[in-house]
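What follows are C-alpha coordinates for two forms of the same protein chain, given separately as structure 1 and structure 2.
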Structure 1
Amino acid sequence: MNSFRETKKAFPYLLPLIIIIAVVSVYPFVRGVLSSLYGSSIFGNAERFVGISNFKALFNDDLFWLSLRNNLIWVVCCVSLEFVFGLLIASLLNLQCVKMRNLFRALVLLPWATPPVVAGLVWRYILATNGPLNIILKTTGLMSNPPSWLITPGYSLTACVVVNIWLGLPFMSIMLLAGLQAIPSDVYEAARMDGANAFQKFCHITMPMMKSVIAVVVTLMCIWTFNTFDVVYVLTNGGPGNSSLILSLYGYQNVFAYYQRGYGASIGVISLLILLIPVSMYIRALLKEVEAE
(Lines of atoms letter the chains of each structure in order from A and count residues from 1; the text may use other names and numbers.)
(Lines give C-alpha, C1' and ligand atoms only; values in the text may rest on other atoms or scores of the structure.)
Protein backbone atom coordinates (compact mmCIF):
# COMPACT_ATOMS: atom_id res chain seq x y z
CA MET A 1 0.00 0.00 0.00
CA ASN A 2 1.38 3.36 -0.96
CA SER A 3 0.05 5.77 1.61
CA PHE A 4 1.54 8.80 -0.16
CA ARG A 5 -0.42 7.97 -3.32
CA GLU A 6 -3.44 7.31 -1.19
CA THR A 7 -3.04 10.71 0.45
CA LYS A 8 -2.84 12.39 -2.94
CA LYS A 9 -6.05 10.69 -4.03
CA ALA A 10 -7.78 11.62 -0.80
CA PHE A 11 -6.62 15.22 -0.92
CA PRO A 12 -9.53 16.85 -2.81
CA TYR A 13 -12.01 15.29 -0.36
CA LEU A 14 -9.79 16.03 2.58
CA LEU A 15 -9.08 19.68 1.92
CA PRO A 16 -12.49 21.11 2.93
CA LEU A 17 -12.40 19.16 6.20
CA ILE A 18 -8.90 20.35 7.02
CA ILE A 19 -9.76 23.97 6.27
CA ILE A 20 -12.96 23.88 8.30
CA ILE A 21 -11.40 22.12 11.27
CA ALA A 22 -8.45 24.48 11.19
CA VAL A 23 -10.69 27.56 11.14
CA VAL A 24 -13.49 26.64 13.52
CA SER A 25 -11.68 24.26 15.85
CA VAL A 26 -7.88 24.34 15.86
CA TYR A 27 -7.44 28.10 15.59
CA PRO A 28 -9.88 29.16 18.35
CA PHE A 29 -8.65 26.32 20.53
CA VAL A 30 -5.04 27.41 20.25
CA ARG A 31 -5.99 31.06 20.77
CA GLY A 32 -8.01 30.09 23.83
CA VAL A 33 -5.20 28.07 25.35
CA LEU A 34 -2.64 30.80 24.62
CA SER A 35 -4.78 33.49 26.19
CA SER A 36 -4.50 31.66 29.50
CA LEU A 37 -0.93 32.95 29.52
CA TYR A 38 -2.02 36.56 29.25
CA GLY A 39 -3.42 38.90 31.84
CA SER A 40 -5.32 42.12 31.55
CA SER A 41 -3.09 45.12 31.92
CA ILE A 42 -4.07 48.25 33.79
CA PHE A 43 -3.73 50.24 30.57
CA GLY A 44 -6.95 49.80 28.65
CA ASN A 45 -7.69 46.67 26.70
CA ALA A 46 -4.18 45.58 25.83
CA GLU A 47 -3.18 42.26 27.30
CA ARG A 48 0.27 41.43 28.45
CA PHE A 49 2.10 38.15 28.71
CA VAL A 50 2.15 36.88 32.28
CA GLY A 51 3.41 33.33 31.85
CA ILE A 52 1.88 30.87 34.25
CA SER A 53 0.88 33.42 36.87
CA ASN A 54 -2.82 32.85 36.11
CA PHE A 55 -2.34 29.24 37.11
CA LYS A 56 -0.43 30.25 40.22
CA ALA A 57 -3.30 32.54 41.17
CA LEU A 58 -5.79 29.74 40.55
CA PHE A 59 -3.85 27.57 42.95
CA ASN A 60 -4.51 30.06 45.73
CA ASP A 61 -8.10 30.76 44.76
CA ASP A 62 -10.58 29.20 47.20
CA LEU A 63 -13.44 29.62 44.75
CA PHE A 64 -11.50 27.65 42.15
CA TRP A 65 -10.99 24.76 44.55
CA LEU A 66 -14.63 24.91 45.60
CA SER A 67 -15.84 24.82 42.01
CA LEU A 68 -13.41 22.03 41.18
CA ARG A 69 -14.69 20.01 44.12
CA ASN A 70 -18.29 20.69 43.12
CA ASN A 71 -17.47 19.79 39.54
CA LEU A 72 -16.06 16.41 40.51
CA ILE A 73 -19.05 15.66 42.76
CA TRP A 74 -21.28 16.78 39.90
CA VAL A 75 -19.69 14.47 37.32
CA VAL A 76 -19.44 11.43 39.59
CA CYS A 77 -23.01 11.73 40.90
CA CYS A 78 -24.58 12.51 37.52
CA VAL A 79 -22.83 9.83 35.53
CA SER A 80 -22.98 7.04 38.11
CA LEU A 81 -26.68 7.57 38.80
CA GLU A 82 -27.43 7.92 35.10
CA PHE A 83 -25.63 4.64 34.56
CA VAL A 84 -27.55 2.78 37.28
CA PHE A 85 -30.96 4.14 36.29
CA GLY A 86 -30.11 3.90 32.61
CA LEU A 87 -29.28 0.23 32.98
CA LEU A 88 -32.53 -0.38 34.88
CA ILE A 89 -34.60 1.39 32.23
CA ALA A 90 -32.75 -0.36 29.42
CA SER A 91 -33.32 -3.76 31.04
CA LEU A 92 -36.97 -2.96 31.57
CA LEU A 93 -37.45 -1.90 27.95
CA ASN A 94 -35.56 -4.98 26.80
CA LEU A 95 -38.07 -7.36 28.44
CA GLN A 96 -40.18 -9.21 25.88
CA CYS A 97 -43.20 -9.15 28.17
CA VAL A 98 -43.47 -5.35 28.38
CA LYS A 99 -46.24 -4.24 26.04
CA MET A 100 -45.77 -1.21 23.76
CA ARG A 101 -42.02 -1.21 24.26
CA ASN A 102 -41.42 0.93 21.19
CA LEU A 103 -43.84 3.61 22.31
CA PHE A 104 -42.33 3.65 25.79
CA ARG A 105 -38.87 3.90 24.34
CA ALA A 106 -39.82 6.90 22.23
CA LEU A 107 -41.48 8.63 25.20
CA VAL A 108 -38.67 7.95 27.65
CA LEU A 109 -36.30 9.62 25.20
CA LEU A 110 -38.14 12.94 25.08
CA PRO A 111 -36.07 14.73 27.75
CA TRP A 112 -33.11 14.26 25.41
CA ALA A 113 -34.80 16.54 22.88
CA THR A 114 -35.67 19.12 25.51
CA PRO A 115 -33.48 22.24 25.49
CA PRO A 116 -31.52 22.29 28.77
CA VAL A 117 -32.70 25.84 29.38
CA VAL A 118 -36.33 24.72 29.21
CA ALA A 119 -35.53 21.79 31.50
CA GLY A 120 -33.92 24.20 33.95
CA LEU A 121 -36.96 26.45 33.82
CA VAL A 122 -39.48 23.70 34.40
CA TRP A 123 -37.50 22.23 37.25
CA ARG A 124 -36.99 25.62 38.81
CA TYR A 125 -40.74 25.77 39.02
CA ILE A 126 -41.09 22.17 40.25
CA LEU A 127 -38.44 22.61 42.93
CA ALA A 128 -39.63 26.03 44.12
CA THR A 129 -40.45 26.54 47.80
CA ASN A 130 -44.18 26.26 47.19
CA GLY A 131 -43.79 24.27 44.00
CA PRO A 132 -45.38 21.00 42.95
CA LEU A 133 -42.72 18.76 44.49
CA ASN A 134 -43.00 20.24 47.96
CA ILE A 135 -46.78 20.16 47.79
CA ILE A 136 -46.66 16.47 46.95
CA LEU A 137 -44.14 15.85 49.74
CA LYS A 138 -46.37 17.67 52.23
CA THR A 139 -49.70 16.17 51.25
CA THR A 140 -48.34 12.63 51.16
CA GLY A 141 -46.70 13.20 54.52
CA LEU A 142 -43.25 12.22 53.29
CA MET A 143 -41.82 15.48 54.55
CA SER A 144 -43.68 17.83 56.82
CA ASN A 145 -41.39 20.76 56.20
CA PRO A 146 -39.53 20.31 52.89
CA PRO A 147 -36.68 22.77 52.20
CA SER A 148 -36.41 25.24 49.34
CA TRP A 149 -34.25 22.98 47.25
CA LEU A 150 -32.65 25.59 45.02
CA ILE A 151 -31.92 28.27 47.59
CA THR A 152 -30.58 26.15 50.43
CA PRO A 153 -26.78 25.66 50.26
CA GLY A 154 -26.85 21.98 51.22
CA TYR A 155 -29.36 21.05 48.53
CA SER A 156 -28.65 23.30 45.55
CA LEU A 157 -26.01 21.11 43.90
CA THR A 158 -28.08 17.98 44.51
CA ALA A 159 -31.05 19.65 42.85
CA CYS A 160 -28.91 20.47 39.81
CA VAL A 161 -27.71 16.87 39.70
CA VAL A 162 -31.30 15.60 39.68
CA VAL A 163 -32.22 17.84 36.76
CA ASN A 164 -29.13 16.91 34.80
CA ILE A 165 -29.88 13.23 35.34
CA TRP A 166 -33.35 13.81 33.95
CA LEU A 167 -31.72 15.28 30.83
CA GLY A 168 -28.94 12.72 30.46
CA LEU A 169 -30.82 9.54 31.33
CA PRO A 170 -32.40 9.04 27.87
CA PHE A 171 -29.08 8.99 26.02
CA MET A 172 -27.58 6.61 28.55
CA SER A 173 -30.62 4.30 28.52
CA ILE A 174 -30.85 4.10 24.76
CA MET A 175 -27.17 3.38 24.27
CA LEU A 176 -27.24 0.68 26.95
CA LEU A 177 -30.42 -0.72 25.43
CA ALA A 178 -28.68 -0.98 22.06
CA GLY A 179 -25.85 -2.79 23.82
CA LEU A 180 -28.29 -5.20 25.47
CA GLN A 181 -30.03 -5.88 22.19
CA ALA A 182 -26.72 -6.71 20.53
CA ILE A 183 -26.18 -9.66 22.87
CA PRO A 184 -27.35 -12.78 21.02
CA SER A 185 -30.21 -14.49 22.85
CA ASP A 186 -28.74 -17.98 22.46
CA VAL A 187 -26.00 -17.09 24.95
CA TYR A 188 -28.67 -16.55 27.58
CA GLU A 189 -30.40 -19.69 26.42
CA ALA A 190 -27.25 -21.71 26.97
CA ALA A 191 -26.75 -20.18 30.41
CA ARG A 192 -30.33 -21.02 31.33
CA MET A 193 -29.78 -24.63 30.29
CA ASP A 194 -26.77 -24.73 32.57
CA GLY A 195 -28.95 -23.51 35.40
CA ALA A 196 -27.63 -19.98 35.80
CA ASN A 197 -29.88 -17.60 37.73
CA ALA A 198 -30.66 -14.03 36.75
CA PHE A 199 -27.88 -12.55 38.85
CA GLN A 200 -25.28 -14.93 37.43
CA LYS A 201 -26.45 -14.20 33.91
CA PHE A 202 -26.09 -10.48 34.59
CA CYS A 203 -22.58 -10.80 36.03
CA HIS A 204 -21.19 -13.36 33.61
CA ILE A 205 -22.95 -12.52 30.36
CA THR A 206 -24.53 -9.05 30.32
CA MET A 207 -21.70 -7.13 31.94
CA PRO A 208 -18.75 -8.71 30.07
CA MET A 209 -20.51 -8.45 26.72
CA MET A 210 -21.45 -4.84 27.31
CA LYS A 211 -17.98 -3.82 28.42
CA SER A 212 -17.00 -1.87 25.33
CA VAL A 213 -20.38 -0.10 25.02
CA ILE A 214 -20.27 0.85 28.69
CA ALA A 215 -16.70 2.15 28.39
CA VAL A 216 -17.58 4.42 25.46
CA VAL A 217 -20.90 5.70 26.81
CA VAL A 218 -19.67 6.33 30.33
CA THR A 219 -16.52 8.16 29.25
CA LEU A 220 -18.49 10.22 26.71
CA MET A 221 -21.04 11.11 29.39
CA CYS A 222 -18.27 12.11 31.80
CA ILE A 223 -16.84 14.45 29.18
CA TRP A 224 -20.18 16.03 28.33
CA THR A 225 -21.23 16.31 31.97
CA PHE A 226 -17.95 17.86 33.05
CA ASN A 227 -18.43 20.84 30.76
CA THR A 228 -22.15 21.37 31.43
CA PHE A 229 -23.11 24.97 31.81
CA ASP A 230 -26.73 25.72 30.90
CA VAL A 231 -28.60 23.63 33.49
CA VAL A 232 -26.73 25.03 36.46
CA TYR A 233 -26.79 28.57 35.06
CA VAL A 234 -30.57 28.54 34.79
CA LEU A 235 -31.29 26.64 38.01
CA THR A 236 -29.02 28.29 40.57
CA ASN A 237 -26.36 30.28 38.70
CA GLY A 238 -23.88 28.74 41.12
CA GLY A 239 -25.70 29.97 44.19
CA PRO A 240 -26.69 30.31 46.88
CA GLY A 241 -23.32 31.59 48.06
CA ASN A 242 -21.38 29.64 45.40
CA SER A 243 -22.63 26.35 46.86
CA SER A 244 -23.34 24.99 43.38
CA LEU A 245 -20.55 26.76 41.51
CA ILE A 246 -18.92 24.52 38.93
CA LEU A 247 -15.88 25.15 36.72
CA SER A 248 -17.74 26.09 33.52
CA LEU A 249 -19.72 28.66 35.45
CA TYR A 250 -16.70 30.05 37.27
CA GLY A 251 -14.79 30.33 34.01
CA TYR A 252 -17.72 32.13 32.41
CA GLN A 253 -18.01 34.56 35.31
CA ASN A 254 -14.33 35.39 35.14
CA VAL A 255 -14.30 36.04 31.41
CA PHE A 256 -17.62 37.78 30.92
CA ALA A 257 -18.51 39.30 34.27
CA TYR A 258 -15.13 40.21 35.79
CA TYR A 259 -13.35 40.67 32.43
CA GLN A 260 -10.49 38.41 33.51
CA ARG A 261 -10.15 36.71 30.16
CA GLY A 262 -6.80 35.05 30.79
CA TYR A 263 -7.87 33.85 34.21
CA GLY A 264 -11.09 32.38 32.82
CA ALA A 265 -9.18 30.69 30.01
CA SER A 266 -6.79 29.13 32.52
CA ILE A 267 -9.80 27.55 34.25
CA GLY A 268 -10.72 26.09 30.85
CA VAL A 269 -7.19 24.75 30.45
CA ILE A 270 -7.35 23.06 33.85
CA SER A 271 -10.72 21.51 32.90
CA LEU A 272 -9.16 20.23 29.73
CA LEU A 273 -6.19 18.73 31.60
CA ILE A 274 -8.54 16.87 33.94
CA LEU A 275 -10.60 15.72 30.97
CA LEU A 276 -7.51 14.22 29.33
CA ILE A 277 -8.10 11.09 31.43
CA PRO A 278 -11.63 10.26 30.21
CA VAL A 279 -10.85 11.60 26.72
CA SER A 280 -7.87 9.32 26.24
CA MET A 281 -9.94 6.38 27.46
CA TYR A 282 -12.75 7.34 25.10
CA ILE A 283 -10.46 7.74 22.11
CA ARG A 284 -8.65 4.52 22.85
CA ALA A 285 -11.93 2.61 23.08
CA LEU A 286 -13.11 3.98 19.74
CA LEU A 287 -9.77 3.76 17.93
CA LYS A 288 -9.52 0.09 18.78
CA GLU A 289 -12.30 -0.46 16.30
CA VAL A 290 -10.77 1.85 13.71
CA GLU A 291 -7.52 -0.07 13.86
CA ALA A 292 -9.30 -3.40 13.74
CA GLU A 293 -10.59 -2.61 10.25
Structure 2
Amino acid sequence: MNSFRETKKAFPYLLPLIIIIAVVSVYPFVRGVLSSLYGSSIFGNAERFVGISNFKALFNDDLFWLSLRNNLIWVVCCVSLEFVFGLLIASLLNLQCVKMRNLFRALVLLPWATPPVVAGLVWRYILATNGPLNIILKTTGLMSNPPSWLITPGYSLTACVVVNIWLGLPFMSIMLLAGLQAIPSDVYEAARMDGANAFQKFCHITMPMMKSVIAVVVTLMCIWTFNTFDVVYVLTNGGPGNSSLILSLYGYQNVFAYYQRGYGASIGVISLLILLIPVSMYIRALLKEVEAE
Protein backbone atom coordinates (compact mmCIF):
# COMPACT_ATOMS: atom_id res chain seq x y z
CA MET A 1 0.00 0.00 0.00
CA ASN A 2 2.82 2.36 0.91
CA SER A 3 4.61 1.62 -2.36
CA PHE A 4 1.41 2.44 -4.28
CA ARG A 5 1.11 5.76 -2.46
CA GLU A 6 4.75 6.58 -3.17
CA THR A 7 4.28 5.73 -6.85
CA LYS A 8 1.17 7.91 -6.98
CA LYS A 9 3.08 10.82 -5.50
CA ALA A 10 5.97 10.38 -7.93
CA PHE A 11 3.76 10.08 -11.01
CA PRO A 12 3.33 13.86 -11.64
CA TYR A 13 7.11 14.22 -11.64
CA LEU A 14 7.54 11.29 -14.01
CA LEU A 15 4.77 12.39 -16.38
CA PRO A 16 6.93 14.81 -18.46
CA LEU A 17 9.55 12.09 -18.94
CA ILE A 18 6.89 9.56 -19.90
CA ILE A 19 5.49 11.97 -22.51
CA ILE A 20 8.95 12.63 -23.96
CA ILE A 21 9.68 8.90 -24.21
CA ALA A 22 6.30 8.28 -25.83
CA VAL A 23 6.86 11.00 -28.43
CA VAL A 24 10.50 10.21 -29.18
CA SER A 25 10.48 6.41 -28.97
CA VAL A 26 7.04 4.82 -28.80
CA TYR A 27 5.32 6.80 -31.57
CA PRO A 28 8.07 6.26 -34.21
CA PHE A 29 8.15 2.56 -33.30
CA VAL A 30 4.37 2.14 -33.68
CA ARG A 31 4.35 4.25 -36.86
CA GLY A 32 7.12 2.14 -38.36
CA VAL A 33 5.33 -1.13 -37.61
CA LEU A 34 2.08 0.20 -39.10
CA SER A 35 3.90 1.49 -42.20
CA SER A 36 5.26 -1.99 -42.85
CA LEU A 37 1.66 -3.19 -43.33
CA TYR A 38 0.91 -0.65 -46.06
CA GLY A 39 2.00 -0.26 -49.65
CA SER A 40 2.74 3.34 -50.50
CA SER A 41 5.28 5.73 -51.92
CA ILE A 42 6.68 9.01 -50.68
CA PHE A 43 5.02 10.92 -53.50
CA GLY A 44 1.56 9.46 -52.93
CA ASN A 45 -0.89 10.30 -50.17
CA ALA A 46 -3.00 7.19 -50.75
CA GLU A 47 -1.93 4.17 -48.77
CA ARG A 48 -3.38 0.74 -49.26
CA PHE A 49 -3.33 -1.95 -46.63
CA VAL A 50 -1.31 -4.94 -47.85
CA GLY A 51 -0.96 -6.87 -44.59
CA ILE A 52 2.12 -9.07 -44.55
CA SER A 53 2.69 -8.82 -48.30
CA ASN A 54 5.78 -6.69 -47.73
CA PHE A 55 7.26 -9.40 -45.52
CA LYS A 56 6.42 -12.14 -48.04
CA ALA A 57 8.15 -10.15 -50.77
CA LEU A 58 11.07 -9.52 -48.44
CA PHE A 59 11.68 -13.22 -47.83
CA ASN A 60 11.74 -13.78 -51.60
CA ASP A 61 14.14 -10.88 -52.16
CA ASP A 62 17.70 -11.98 -52.93
CA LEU A 63 19.04 -8.55 -51.98
CA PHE A 64 17.47 -8.87 -48.54
CA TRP A 65 19.22 -12.17 -47.89
CA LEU A 66 22.49 -10.76 -49.25
CA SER A 67 22.25 -7.71 -46.99
CA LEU A 68 21.31 -9.91 -44.01
CA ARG A 69 24.33 -12.14 -44.63
CA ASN A 70 26.58 -9.10 -44.94
CA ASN A 71 25.05 -7.70 -41.75
CA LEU A 72 25.77 -10.86 -39.77
CA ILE A 73 29.34 -10.99 -41.07
CA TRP A 74 29.66 -7.30 -40.27
CA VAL A 75 28.45 -7.69 -36.67
CA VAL A 76 30.44 -10.85 -35.89
CA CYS A 77 33.71 -9.48 -37.30
CA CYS A 78 33.37 -6.00 -35.81
CA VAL A 79 32.25 -6.98 -32.30
CA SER A 80 34.58 -9.98 -31.92
CA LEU A 81 37.66 -8.06 -33.06
CA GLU A 82 36.70 -5.01 -31.00
CA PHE A 83 36.41 -7.24 -27.96
CA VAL A 84 39.77 -8.96 -28.50
CA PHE A 85 41.71 -5.77 -29.21
CA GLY A 86 39.72 -3.83 -26.62
CA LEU A 87 40.56 -6.35 -23.90
CA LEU A 88 44.22 -6.24 -24.93
CA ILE A 89 44.32 -2.43 -24.81
CA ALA A 90 42.41 -2.34 -21.51
CA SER A 91 44.83 -4.84 -19.97
CA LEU A 92 47.82 -2.76 -21.07
CA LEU A 93 46.29 0.46 -19.76
CA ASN A 94 45.56 -1.27 -16.46
CA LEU A 95 49.21 -2.16 -15.83
CA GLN A 96 50.83 -0.14 -13.07
CA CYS A 97 54.20 -0.15 -14.86
CA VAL A 98 52.84 1.82 -17.85
CA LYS A 99 53.91 5.45 -17.62
CA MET A 100 51.54 8.29 -18.59
CA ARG A 101 48.55 5.96 -18.47
CA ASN A 102 46.12 8.88 -18.25
CA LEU A 103 47.52 10.36 -21.46
CA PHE A 104 47.15 7.07 -23.31
CA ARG A 105 43.60 6.67 -22.01
CA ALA A 106 42.72 10.10 -23.40
CA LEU A 107 44.33 9.27 -26.75
CA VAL A 108 42.38 6.02 -26.99
CA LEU A 109 39.14 8.05 -26.87
CA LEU A 110 39.99 10.20 -29.90
CA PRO A 111 38.36 7.94 -32.53
CA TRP A 112 35.21 7.70 -30.38
CA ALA A 113 35.00 11.51 -30.33
CA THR A 114 35.15 11.69 -34.14
CA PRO A 115 31.75 11.93 -35.90
CA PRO A 116 31.21 8.76 -37.99
CA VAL A 117 30.57 10.74 -41.18
CA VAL A 118 33.81 12.69 -40.75
CA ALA A 119 35.69 9.48 -39.99
CA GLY A 120 34.18 7.87 -43.07
CA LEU A 121 35.28 10.75 -45.30
CA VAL A 122 38.82 10.65 -43.89
CA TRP A 123 39.09 6.90 -44.32
CA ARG A 124 37.63 7.09 -47.82
CA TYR A 125 40.55 9.35 -48.71
CA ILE A 126 43.05 7.05 -46.98
CA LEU A 127 41.70 3.91 -48.67
CA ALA A 128 41.31 5.47 -52.14
CA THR A 129 43.03 3.83 -55.10
CA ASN A 130 45.74 6.52 -55.08
CA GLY A 131 45.35 7.27 -51.39
CA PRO A 132 48.02 7.39 -48.67
CA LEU A 133 47.67 3.71 -47.73
CA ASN A 134 48.36 2.39 -51.23
CA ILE A 135 51.21 4.88 -51.69
CA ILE A 136 52.84 3.61 -48.48
CA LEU A 137 52.33 -0.02 -49.51
CA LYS A 138 53.97 0.63 -52.90
CA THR A 139 56.81 2.72 -51.47
CA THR A 140 57.74 0.20 -48.79
CA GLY A 141 57.45 -2.72 -51.21
CA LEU A 142 54.86 -4.52 -49.09
CA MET A 143 52.52 -4.68 -52.10
CA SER A 144 53.58 -3.92 -55.65
CA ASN A 145 49.99 -3.56 -56.88
CA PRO A 146 47.65 -2.85 -53.93
CA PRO A 147 43.92 -3.24 -54.63
CA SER A 148 41.29 -0.53 -54.71
CA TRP A 149 39.97 -1.24 -51.25
CA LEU A 150 36.57 0.45 -51.57
CA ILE A 151 35.65 -0.51 -55.13
CA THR A 152 36.77 -4.16 -55.19
CA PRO A 153 34.04 -6.66 -54.16
CA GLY A 154 36.43 -8.82 -52.15
CA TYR A 155 37.73 -5.93 -50.06
CA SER A 156 34.92 -3.37 -49.73
CA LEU A 157 33.14 -4.97 -46.75
CA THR A 158 36.48 -5.70 -45.07
CA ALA A 159 37.48 -2.05 -45.41
CA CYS A 160 34.19 -0.99 -43.80
CA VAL A 161 34.79 -3.45 -40.94
CA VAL A 162 38.26 -2.00 -40.30
CA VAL A 163 36.92 1.56 -40.15
CA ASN A 164 34.05 0.60 -37.85
CA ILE A 165 36.46 -1.22 -35.52
CA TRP A 166 38.59 1.92 -35.40
CA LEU A 167 35.51 3.89 -34.37
CA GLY A 168 34.12 1.42 -31.82
CA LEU A 169 37.35 0.20 -30.22
CA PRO A 170 37.69 3.15 -27.76
CA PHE A 171 34.29 2.51 -26.16
CA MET A 172 35.02 -1.20 -25.83
CA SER A 173 38.47 -0.53 -24.37
CA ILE A 174 37.33 2.03 -21.79
CA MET A 175 34.38 -0.08 -20.63
CA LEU A 176 36.56 -3.17 -20.24
CA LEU A 177 39.18 -1.07 -18.45
CA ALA A 178 36.51 0.05 -15.99
CA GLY A 179 35.63 -3.61 -15.42
CA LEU A 180 39.27 -4.52 -14.82
CA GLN A 181 39.71 -1.71 -12.30
CA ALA A 182 36.64 -2.88 -10.39
CA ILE A 183 38.32 -6.21 -9.58
CA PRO A 184 39.88 -6.07 -6.07
CA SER A 185 43.68 -6.32 -6.15
CA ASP A 186 43.73 -8.59 -3.08
CA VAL A 187 42.05 -11.33 -5.16
CA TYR A 188 45.02 -11.36 -7.53
CA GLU A 189 47.38 -11.25 -4.57
CA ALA A 190 45.74 -14.31 -3.00
CA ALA A 191 45.95 -16.16 -6.33
CA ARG A 192 49.63 -15.26 -6.66
CA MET A 193 50.34 -16.61 -3.19
CA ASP A 194 48.60 -19.84 -4.19
CA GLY A 195 50.99 -20.18 -7.12
CA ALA A 196 48.65 -19.16 -9.97
CA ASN A 197 50.33 -17.89 -13.14
CA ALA A 198 49.12 -15.00 -15.31
CA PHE A 199 47.06 -17.23 -17.60
CA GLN A 200 45.31 -18.92 -14.68
CA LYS A 201 44.53 -15.54 -13.12
CA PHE A 202 43.03 -14.39 -16.40
CA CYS A 203 40.87 -17.51 -16.85
CA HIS A 204 39.74 -18.00 -13.25
CA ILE A 205 39.61 -14.44 -11.91
CA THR A 206 39.52 -11.78 -14.61
CA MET A 207 37.01 -13.27 -17.02
CA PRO A 208 34.51 -14.60 -14.42
CA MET A 209 34.51 -11.33 -12.46
CA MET A 210 34.06 -9.30 -15.66
CA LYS A 211 31.24 -11.45 -16.99
CA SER A 212 28.49 -8.90 -16.33
CA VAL A 213 30.51 -6.02 -17.81
CA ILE A 214 31.35 -8.06 -20.90
CA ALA A 215 27.68 -9.04 -21.35
CA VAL A 216 26.53 -5.40 -21.25
CA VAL A 217 29.27 -4.09 -23.55
CA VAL A 218 28.96 -6.88 -26.12
CA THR A 219 25.15 -6.57 -26.18
CA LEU A 220 25.34 -2.81 -26.72
CA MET A 221 28.01 -3.14 -29.40
CA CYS A 222 25.98 -5.81 -31.23
CA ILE A 223 22.94 -3.51 -31.30
CA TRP A 224 24.89 -0.43 -32.37
CA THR A 225 26.93 -2.29 -34.98
CA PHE A 226 23.88 -4.03 -36.42
CA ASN A 227 22.18 -0.66 -36.88
CA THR A 228 25.24 1.10 -38.31
CA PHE A 229 24.44 3.11 -41.40
CA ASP A 230 26.68 6.15 -41.81
CA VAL A 231 30.06 4.40 -42.07
CA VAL A 232 29.02 2.07 -44.90
CA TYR A 233 27.00 4.79 -46.62
CA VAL A 234 29.96 7.20 -46.74
CA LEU A 235 32.60 4.61 -47.64
CA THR A 236 30.93 2.44 -50.26
CA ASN A 237 27.16 3.13 -50.32
CA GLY A 238 26.71 -0.64 -50.34
CA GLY A 239 28.85 -1.22 -53.44
CA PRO A 240 30.43 -2.32 -55.55
CA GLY A 241 27.68 -4.59 -56.82
CA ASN A 242 25.96 -4.69 -53.39
CA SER A 243 28.99 -6.49 -51.95
CA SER A 244 28.92 -4.30 -48.81
CA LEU A 245 25.14 -3.78 -48.63
CA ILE A 246 23.73 -4.11 -45.10
CA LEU A 247 20.15 -4.05 -43.82
CA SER A 248 20.06 -0.46 -42.57
CA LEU A 249 21.40 0.80 -45.90
CA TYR A 250 19.02 -1.42 -47.88
CA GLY A 251 16.08 -0.07 -45.89
CA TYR A 252 17.24 3.48 -46.55
CA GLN A 253 17.55 2.80 -50.27
CA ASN A 254 14.03 1.37 -50.46
CA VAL A 255 12.51 4.40 -48.76
CA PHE A 256 14.50 7.26 -50.28
CA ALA A 257 15.78 5.83 -53.57
CA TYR A 258 13.05 3.35 -54.63
CA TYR A 259 10.22 5.23 -52.84
CA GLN A 260 8.89 2.06 -51.18
CA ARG A 261 8.16 3.29 -47.66
CA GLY A 262 6.24 0.22 -46.52
CA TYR A 263 8.88 -2.15 -47.87
CA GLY A 264 11.64 -0.16 -46.16
CA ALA A 265 9.67 -0.17 -42.90
CA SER A 266 9.33 -3.96 -43.09
CA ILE A 267 13.14 -4.22 -43.23
CA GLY A 268 13.28 -2.15 -40.04
CA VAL A 269 10.78 -4.47 -38.34
CA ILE A 270 12.81 -7.54 -39.29
CA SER A 271 15.94 -5.84 -37.95
CA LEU A 272 14.14 -5.18 -34.67
CA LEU A 273 13.09 -8.82 -34.35
CA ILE A 274 16.66 -9.97 -34.98
CA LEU A 275 18.00 -7.57 -32.34
CA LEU A 276 15.54 -8.93 -29.79
CA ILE A 277 17.58 -12.17 -29.76
CA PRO A 278 20.75 -10.78 -28.07
CA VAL A 279 18.64 -8.49 -25.87
CA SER A 280 16.48 -11.37 -24.62
CA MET A 281 19.58 -13.50 -24.01
CA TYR A 282 21.12 -10.71 -21.94
CA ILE A 283 17.92 -10.14 -19.93
CA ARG A 284 17.62 -13.88 -19.24
CA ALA A 285 21.23 -14.05 -18.03
CA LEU A 286 20.67 -10.96 -15.88
CA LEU A 287 17.56 -12.46 -14.28
CA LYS A 288 19.46 -15.66 -13.51
CA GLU A 289 22.16 -13.66 -11.74
CA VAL A 290 19.54 -11.79 -9.72
CA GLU A 291 17.85 -15.05 -8.71
CA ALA A 292 21.20 -16.57 -7.75
CA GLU A 293 21.92 -13.64 -5.45
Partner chain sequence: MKRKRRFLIVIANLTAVLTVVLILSPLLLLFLNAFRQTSEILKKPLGLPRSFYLGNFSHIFARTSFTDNLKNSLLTTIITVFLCLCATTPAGYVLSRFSFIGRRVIIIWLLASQAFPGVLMAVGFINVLKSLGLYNTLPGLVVLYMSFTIPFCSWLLKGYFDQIPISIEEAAMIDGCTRARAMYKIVIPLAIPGLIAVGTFAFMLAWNEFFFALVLLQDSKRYTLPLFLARFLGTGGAVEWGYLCAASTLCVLPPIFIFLAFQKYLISGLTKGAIK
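The first residue in the sequence of structure 1 is number 1, and each one after it adds one. What we label the rigid core is the largest C-alpha set whose atoms superpose within 1.5 Å from one form to the other. Note that the structure is a prediction, hence the values are computed from the model and not measured.
Next on the checklist: Just verifying the output here: the form predicted together with the partner chain should be either structure 1 or structure 2. Which one is it?
Outcome noted: It is the first structure that is the form predicted together with the partner chain.
Checklist entry - 2 Å or more on the CA of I283 between structure 1 and structure 2, with the rigid core superposed, yes or no? => result Yes; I283 is a residue whose C-alpha shifts (by 2 Å or more) between structure 1 and structure 2 when the cores are overlaid.
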